[in-house]
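What follows is a single chain, given as structure tokens, in the form predicted on its own.
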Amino acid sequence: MDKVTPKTDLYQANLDRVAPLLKALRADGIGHMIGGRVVASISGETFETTSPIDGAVLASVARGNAEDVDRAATAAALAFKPWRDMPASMRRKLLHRVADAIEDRADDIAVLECVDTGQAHRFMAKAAIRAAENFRFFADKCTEARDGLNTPSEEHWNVSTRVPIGPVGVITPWNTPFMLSTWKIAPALAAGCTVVHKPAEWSPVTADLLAKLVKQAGIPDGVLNTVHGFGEEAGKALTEHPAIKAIGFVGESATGSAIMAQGAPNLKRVHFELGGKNPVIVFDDADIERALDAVVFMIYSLNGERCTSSSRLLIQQSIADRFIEKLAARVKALKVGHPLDPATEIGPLIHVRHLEKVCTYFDVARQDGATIAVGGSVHDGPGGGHYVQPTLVTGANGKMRIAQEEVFGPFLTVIAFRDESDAIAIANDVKYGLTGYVWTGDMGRALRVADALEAGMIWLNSENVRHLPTPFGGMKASGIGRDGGDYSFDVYMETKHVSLARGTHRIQRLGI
């Protein structure tokens, strides 16, 4: 990345900002944060994390195993009762300090995320701010986390309350890792839980920074612990550890299934946000230009590496040719480039293994009998990294593999449909059920389709726009449980019922 010629002042500023950060990373490496201290793995083993831009080594990272996870879980268990019993108003103040610390380092977080994940700066600049908003939102919910209900009966007052479940494990993915980590960690801390965080091994850089910012903000030692490593080692040890009472995981459906099995002997609670093969349905009476903007944004932003991407376009037959013509022109015009360049819309994919996976679907599309209308090949991008052409596939049907399997890249499959019932049948004929998007001028039809879609979240005449109090999660193979607002506390807290007798009810007498 040092050989790239800057084209704008902001591009140069981003390069200038990231250079000293990378120098420090390479010099210091990345260790675990356990009990408030940065430590090496007990085994002394490390692994290297590299940039998808050019393959350059970013840092040597501590490779955690079961011993390191046990040390972190012990630290979380020791810190749990003091954190749980801390006044909620104090926890609120501390979590706001974390948000302040994130905002102070937002520009650093953005550029580090770009070189660590390949995501374009235009999106990562906002991701850091969203992370701070996550902490602020849940900070303000600290004082109501234990709220319950009063459900009186004739002879009793019945009240409920919520209590934190204990130390929890959080396993986060490599796409927008900083923001998604805060989306899990902030509500756990607000609930009064302590956390052991296992970040994705392909993107450990900003997780290391988050742990340090949390400590800097004054969160007590042991409340947030971070153990780096591989899923089959550190991740498996975390899901199996008896001191960890729940696991929040974001990632592939197959991994979620394995985690559920690993935690089963301890009856561990799980919360999963998993894969998706989400439909965007465009009817012939839709606002075509707005729908086109949303279709392009929701599959090609964030390199297509997002669980909520609308990777299947279901377009009504009467407008299909006209819409696809406009769509193809937009896809051809997408700017693939260096992620620190503010003009870039698509950067390199996270890892060479992921690049290879995405590229296999070019042959799958052809074998299925579909047409690659745009793209369909790797891209020669700056630095020679894991770049791929944004791809548009037409002439598909709902039974093809490209319509059933999650590609998780800038790859859009187009399927034509006849009418409302046909669109619903095609949309639901997948194992996933995370999101759905519907574009129509007929609100009655919009509501009918929303009710019929097998998905946890539906947007009508809109792209994915998150509102933090609303439930976020999916059906079928797309997950278990919901994030957002009070829904997050269902994961990290137990509900307790207390019944207070008025002293007037008759008690049966036995043994008289």
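Please read all numbers here as calculations on a predicted model, not as lab measurements. From 1 onward, residues are counted along the sequence shown.
Just so it is clear, the following notes concern the form predicted together with nicotinamide-adenine-dinucleotide (NAD), a form of the same protein that is not shown.
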query	finding
Contact test in the predicted bound form: Glu252 vs nicotinamide-adenine-dinucleotide (NAD), heavy atoms, 4.5 Å	yes
Heavy atom of Thr172 within 4.5 Å of nicotinamide-adenine-dinucleotide (NAD) in the predicted bound form	yes
Phe362 within 4.5 Å of nicotinamide-adenine-dinucleotide (NAD) in the predicted bound form, heavy atoms	no
Heavy atom of Glu232 within 4.5 Å of nicotinamide-adenine-dinucleotide (NAD) in the predicted bound form	yes
Per-stretch contact check against nicotinamide-adenine-dinucleotide (NAD) in the predicted bound form, the hit in 197 to 205, 215 to 223, 122 to 130, 107 to 115 (non-hydrogen atom, 4.5 angstroms)	197 to 205
Among the candidates Arg401, Lys236, His156, His96, the residue which, in the predicted bound form, approaches nicotinamide-adenine-dinucleotide (NAD) to within 4.5 Å (heavy atoms)	Lys236
Heavy atom within 4.5 Å of nicotinamide-adenine-dinucleotide (NAD) in the predicted bound form - the one residue of Pro390, Gly381, Gly248, Gly275 that qualifies	Gly275
Check all three, Ala77, Ala139 and Glu494, heavy atom within 4.5 Å of nicotinamide-adenine-dinucleotide (NAD) in the predicted bound form	no
